[in-house]
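Just the one chain here, laid out as structure tokens, in the form predicted alone.
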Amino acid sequence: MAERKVPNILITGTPGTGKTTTAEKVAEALAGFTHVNVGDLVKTKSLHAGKHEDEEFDSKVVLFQWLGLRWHSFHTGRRFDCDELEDQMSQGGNVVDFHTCDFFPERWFDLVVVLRTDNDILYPRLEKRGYSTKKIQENVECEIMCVVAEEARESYKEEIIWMLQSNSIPDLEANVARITHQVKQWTGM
């Protein structure tokens, strides 16, 4: 674990894998931990450059400068740099969830959890959200190709990455229990 007294956890995965629910439950189970839903921050604080050029995706082009990241936007050609989240992350005790992970600084996280869901379960979950067929297909293809898992492997040390199956409520409960157990071992909670 970094110099922080309590760890930061990143929960990532393809949309529909249960990131937000898992992150909420982990933060609830650990006294003093805060759930940071990056997708909600993007929406509520208008941290985006508008809608994606392909309307079928019904998504936003995220402005990562607010998150404390250096990131080059392929959509606008701009490079972003700011430190909004840096102080919060340096304190520890954050459970962050977002559908991609390759732009967060490695120093921010002590545990990176990649949730995986079988495609026959993922597809109906995304349909229930009202996603377009194109958006569902892209997300299912990302899951098939292990895109988020590969991003995690390229961005973080292998020893801090956990790949966890997230197909059912029992999976969710087991994942929350495993993550909270690990944090309690680290912190002596």
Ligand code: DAT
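This one's a predicted model, so the numbers in the text were calculated from it and none came from an experiment. So that there is no doubt, residue numbering starts at 1 and follows the sequence shown.
Just so it is clear, the following notes concern the form predicted in complex with the ligand, a form of the same protein that is not shown.
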Triplet 14, 17 and 125 all within 4.5 Å of the ligand in the model of the complex via a heavy atom: yes
I'd like to know if residue 169 sits close to the ligand in the model of the complex, meaning any non-hydrogen atom pair within 4.5 angstroms. yes
Any chance residue 180 has a heavy atom within 4.5 Å of the ligand in the model of the complex? no
In the model of the complex, does residue 157 come within 4.5 Å of the ligand, counting heavy atoms only? no
With the cut-off set at 4.5 Å between non-hydrogen atoms, does residue 129 touch the ligand in the model of the complex? yes
Testing 146-154, 133-141, 26-34, 159-167 against the ligand in the model of the complex with a 4.5 Å heavy atom criterion leaves exactly one stretch, namely 159-167
